[in-house]
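Given as C-alpha cells, the chain that follows is alone and in the form predicted on its own.
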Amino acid sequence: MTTLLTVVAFGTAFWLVVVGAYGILRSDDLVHAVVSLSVAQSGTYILLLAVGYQRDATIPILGAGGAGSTPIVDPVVQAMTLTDVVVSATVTALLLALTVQIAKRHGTVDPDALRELRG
C-alpha cells in the first residue's frame, strides 16, 4: 500500500528532474546549465530515499533482532544516496571549472556563441 508520503516523494523527485532538464534545455548560460543539472541530480536523491523507505522501520543498527522482528531500513539505498551526493558534487565542480576555462579562453559562457567548440 502506497502512502501519501511515498507519492509526494516520488512526485517531488519527478518534478525536480523535469525542472532541471527543462533548465538545461532552455539555458543561455553554461553556469545556468550546470546549476540546472544539479537540480535534476537532487531529484535522484529523493528518488533513492523514497525507494528505500519502509513504514515503521528502524535504523539498521537498532534492528539487530532475530528474523521476523521489526523491519529495518535498507542501508544499501542510503549508501547509494551518499555516493550520488559525492558524485554530483564532483561533476558540478568539474563542470564549473570547465566553464571558467571556457570563459577565460573564449570570453563568453553563452553556448550559442561558442562556434569554435563545434566539431
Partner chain sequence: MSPRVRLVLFLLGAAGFLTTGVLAVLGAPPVGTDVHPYRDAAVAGALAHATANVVSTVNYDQRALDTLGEETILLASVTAAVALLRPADDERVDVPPPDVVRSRSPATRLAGWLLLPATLLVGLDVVLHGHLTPGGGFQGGVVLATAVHLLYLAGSFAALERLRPRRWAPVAEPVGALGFVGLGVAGSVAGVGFLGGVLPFGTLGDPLSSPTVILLNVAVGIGVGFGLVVLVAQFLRQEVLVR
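Positions refer to the first chain, counted from 1. The model shown is predicted, which means the values in this text are computed figures rather than measured ones.
What comes next is about the form predicted together with its partner chain, which does not appear here.
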- Message: I'd like to know whether residue 17 contacts its partner chain in the predicted bound form, with contact meaning heavy atoms within 4.5 angstroms.
- Response: yes
- Taking heavy atoms only, is residue 5 within 4.5 angstroms of its partner chain in the predicted bound form? yes
- Would residue 76 sit within 4.5 Å of its partner chain in the predicted bound form, counting heavy atoms only? yes
- Do residue 105 and its partner chain come within 4.5 Å of each other in the predicted bound form, heavy atoms counted? yes
- Pull the contact list for 71 to 108: residues with a heavy atom within 4.5 Å of its partner chain in the predicted bound form, in sequence order. 71, 72, 73, 74, 75, 76, 78, 79, 82, 83, 86, 87, 90, 93, 94, 96, 97, 98, 100, 101, 104, 105
